[in-house]
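Next up: a single chain in structure tokens, the form predicted alone.
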Amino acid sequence: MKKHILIVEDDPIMRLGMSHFLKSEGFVITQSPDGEDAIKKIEKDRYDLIITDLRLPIFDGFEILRKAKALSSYTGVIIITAYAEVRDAVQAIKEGAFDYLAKPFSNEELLIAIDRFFRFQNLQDEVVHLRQTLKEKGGLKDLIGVSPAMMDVFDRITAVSITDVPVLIVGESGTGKELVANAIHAISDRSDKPLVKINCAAIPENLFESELFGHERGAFTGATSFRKGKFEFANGGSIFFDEIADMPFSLQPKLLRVLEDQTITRIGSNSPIKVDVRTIFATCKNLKECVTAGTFREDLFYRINVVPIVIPPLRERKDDIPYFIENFMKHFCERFNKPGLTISELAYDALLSYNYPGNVRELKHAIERAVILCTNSRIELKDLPNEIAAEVSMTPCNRRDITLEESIKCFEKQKIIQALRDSGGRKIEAANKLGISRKVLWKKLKEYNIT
């Protein structure tokens, strides 16, 4: 899309000369002979850049600068000034102008200043979204898992990351759908561009279209300045729609249109904008059921369901729980300055046995709570949430349907595992903790198939 520049200059020869040159360079140019006319134009239309003389009839360059910045911080201002007014130009930069040009200047100098501004503007956009991405990715963001189900997820992530096809991530709340989206973007060719995120359940319906596509100033009540939409900010990168099932039905055809032709139009504008964006979607709902219920468009469902990635709930991959416990313990012990904190055998058994309806998020919060509440060097049952602590009575060693001998062997095995965990795998130290010889420990390891 061509950049729109407003030239404010009371010298008609200089104004026409700049206009003719910049039009030949591919810019859309509007001219203004004085400050009053310029301010009227700024109030009516949006400009990407304003080039204004400092000394003008009625309103000077300072007034134009202040008005432009008040209406849109996105609009740049370059000041034109005589050598004697350089001090004033420096003051204008302090007030928000991007640069100044001292008269006389060549067309090449003018073009260099304009090019520098638009490069700076693009860098600003990237910095803003990189900061937002880093903020959103704070905390534990790595995917963890050794279970066969998670191995399949990792393989699918690797396969789709090298393509640009839409991806639909399906899983219960708390399973890590956003982390999968982060991973897809991070190992793709778009990783140096923004990953923009939208929570479809959190945006009011009347603001949704503006959030996606942006708007022009005056497009609707409250639109006091121009605003870019999420698709424009994500240009070149990826956009992640979380809880896509909650997108308003009235907007679904417009999203489908964007997915088909990669073109958006801001509210209040008739100029289409081409975008290059990779789309990733996530939901905890059954979209086929939503289609049947009439809340989700069937054509949109088939358009986004090109490559589905299903994340199993934590209760179906309990092999992964010890790795999550270890990772969360390390993180929260560092965060809350509690080095060397361990978990008692009963507390560990309870964490392993619980089914986690809230999935990984619930386990993470349980460990965080336990680390905070623990008053000694070891997390006990009392430090865990009640619903998890209650599971200890249902652990294999305490079940009513096993014999005394089986129960004793179960506790013995758990005791050996805990001693090995506490000693960091050092068998001599573990044997000393258990009060047995190293030879007896080796025999028990073989008997219970402990690796």
Ligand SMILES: Nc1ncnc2c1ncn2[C@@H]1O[C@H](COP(=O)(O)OP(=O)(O)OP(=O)(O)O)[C@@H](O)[C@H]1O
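One rule holds for the numbers: they count along the sequence shown, beginning at 1. Here the structure is a predicted model, which means the values were calculated and not measured.
Form predicted in complex with this ligand: not shown, discussed below.
- In the predicted complex, this ligand stays beyond 4.5 Å of every heavy atom belonging to Gly229.
- Put simply, Ser173 is close to this ligand in the predicted complex: some heavy atom of it is within 4.5 Å.
- Under a 4.5 angstroms non-hydrogen atom cutoff, this ligand in the predicted complex has Glu178 among its neighbouring residues.
- Contact annotation for Ile144: at least one heavy atom lies within 4.5 Å of this ligand in the predicted complex.
- Shown alone, this chain has one stretch from 186-194, 353-361, 377-385, 334-342 that lies within 4.5 Å of this ligand in the predicted complex by heavy atoms: 353-361.
- Of the listed positions (Tyr74, Phe324, Phe208, Tyr100), a single one reaches within 4.5 angstroms of this ligand by any non-hydrogen atom in the predicted complex, namely Phe324.
- With the partner omitted here, the residue from Ile273, Leu287, Met150, Leu300 that has a non-hydrogen atom within 4.5 angstroms of this ligand in the predicted complex is Met150.
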